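Presented below, as structure tokens, is a lone chain in the form predicted on its own.
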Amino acid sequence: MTCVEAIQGYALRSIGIGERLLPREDFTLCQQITLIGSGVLWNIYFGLLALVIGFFIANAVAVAKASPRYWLRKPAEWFILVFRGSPLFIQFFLAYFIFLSMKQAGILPFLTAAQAGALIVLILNTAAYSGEIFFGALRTVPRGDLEAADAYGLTGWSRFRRITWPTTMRLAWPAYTNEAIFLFHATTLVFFSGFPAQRQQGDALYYANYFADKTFNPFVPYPIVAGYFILLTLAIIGLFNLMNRRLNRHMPQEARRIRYRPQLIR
């Protein structure tokens, strides 16, 4: 099989388009790059949906945690504590056990599929981390901004929409960029969770592990995975930099730049 044939047959295999059977012998570098790249589509699916949905949940959690009302504040605090205080892998394990029990009882059986159940775990996890980031930014909104809003007669929802929330996003965006990068990296844990890959249509780590097992050489497929995620990280930084410039368009040029600071300890 030539490289062109490998790309045509395996580039979209992870989403059910192309060759149904995985290669069995004579594994070429092109096949490994193509199939692992195909699996990255699932990682992008998990990361993108979790990021978008988790963003809105995180904003609601941050506002609830900052609320003076006990019945709003306490559930938000416990939500953040549970999902930030426990390892993500354990959350996958417990969620699969719960969803499997629900399936056996005939309740929402589709949740045992990785594209649904694992996605829910990632959404809740990133919502908790992002909610804490947004809460911290919400508490540090300059008092002068709020006083200026009062002077202009802005109160309630109008003040929050036009002053508080945009300033919160501006202050939180660099830290939120790191959370977005970590989220996409965390999608590789779906492979180790109990959620099965249907019809051998797994993520990048699924195919990397397949080639490592077949060739007994992990030093080719796993660096390929790392290379794809480095490119994905650069793309995220670029997109978030554009948004950061938009949020800080009224600030000096230096404040519009995001510098990637990896989280060595999560």
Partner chain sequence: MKKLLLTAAAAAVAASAALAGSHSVVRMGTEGAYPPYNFINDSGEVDGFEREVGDELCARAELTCEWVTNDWDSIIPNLTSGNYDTIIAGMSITDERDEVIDFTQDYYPATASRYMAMSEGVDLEGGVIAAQSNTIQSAYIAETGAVLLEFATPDETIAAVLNGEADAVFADADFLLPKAEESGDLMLVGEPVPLGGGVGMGIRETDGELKAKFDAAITSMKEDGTLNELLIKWFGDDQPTY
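Keep in mind the model is a prediction, meaning the values are calculated, not measured. Positions refer to the first chain, counted from 1.
FYI, the form predicted together with the partner chain isn't displayed, but the following is about it.
Look at 96-104, 150-158, 163-171, 116-124: in the model of the complex, residues with non-hydrogen atoms within 4.5 angstroms of the partner chain sit in 96-104. Three-residue candidate spot 20, 200 and 216; every residue lies within 4.5 angstroms of the partner chain in the model of the complex by at least one non-hydrogen atom. Remark: residue 196 counts among the residues lining the partner chain in the model of the complex, judged by a heavy atom distance of 4.5 Å or less. Residue contact with the partner chain in the model of the complex: residue 206 places a heavy atom within 4.5 Å of it. Put simply, residue 24 is close to the partner chain in the model of the complex: some heavy atom of it is within 4.5 Å. Counting a residue when any of its non-hydrogen atoms is within 4.5 Å of the partner chain in the model of the complex, the one hit in 106-135 is 112.
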